[in-house]
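Take a look at this single chain in C-alpha cells; it is the form predicted on its own.
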C-alpha cells in the first residue's frame, strides 16, 4: 500500500499524469466564498487562531476540473454547488449531503454538499464536525472520509486528493488500506498534516484499530 503526500501545486502534478491513473478523486478545493478567520466561531467564543486565509478568495479555474476528470475515473467534489457549472459533464444526480449537526448558533452552513460522478441515489451522512486539535479552518473529520471510502471505494483503488489540507483524507485512506496520493501547496499546512499523519499511523501500528467501524456515523 502506498500513501504519499507532496508539498506542491496540484495543477503542476496533474498535467504530468496519464489519463485515469486514479480510481477515485476525493477533493475539497477552495469554494471562492472568502472564508474569514472567524469561520465556525460560536457565540461568545474568541476569534479563531487560524492564520489569515486568502486561498478561498476564488474557486479553482476551469482547467482544474478538466484535469481532475481526466486523471481520475470517478470524482467526489465538496463544495461543488458553488461551481458545478465548471465541472465537465456534471450531470450526475448523486450528491452527498454531510449533515454537521450544528445548532443555529453558528454563522455558516449546517451541512455541506459534495457532487459525485457515480450513478447512484444521493446519500445523507450525519456526523459532527467537532474535532480536537484542528489544524485547518475547513478541516473535515477522518470519519467522513472513512464513510466515503466505505461506500465509494474498494480494495485496490488508487485515491487522489488535490487539496490535502489537514490530511483527514490521507488518514482515512491509510486506515482503509487504500493507495493514496495527496497534494498540498501551503508549506505550513503540509507540515502540520505530515505530523498528524505520522502520529496517527504510529499510534495505530502500536495499538491497532482504525477503520470506519470505529467512528460514530449515522445514515
Ligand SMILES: C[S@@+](CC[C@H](N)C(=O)[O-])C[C@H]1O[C@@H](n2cnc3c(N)ncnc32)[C@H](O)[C@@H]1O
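Numbering follows the first chain given and starts at 1. Quick caveat, the model's predicted, so the values are computed rather than measured.
Keep in mind that the form predicted in complex with the ligand is not shown, yet the notes after this line are about it.
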Any chance 139, 145 and 162 all have a heavy atom within 4.5 Å of the ligand in the predicted bound form? yes
Contact of residue 9 with the ligand in the predicted bound form (heavy atom, 4.5 Å): yes
Would residue 181 sit within 4.5 Å of the ligand in the predicted bound form, counting heavy atoms only? no
Is it the case that residue 28, even though its partner is missing from this view, gets within 4.5 Å of the ligand in the predicted bound form, heavy atoms only? yes
Residue 152: touches the ligand in the predicted bound form, heavy atom cutoff 4.5 angstroms: no
Among 131 to 139, 67 to 75, 118 to 126, 80 to 88, the stretch whose residues bring a heavy atom within 4.5 Å of the ligand in the predicted bound form is 131 to 139
Output the sequence-ordered list of residues from 173 to 192 with at least one heavy atom within 4.5 Å of the ligand in the predicted bound form. 183, 184, 185, 186, 189
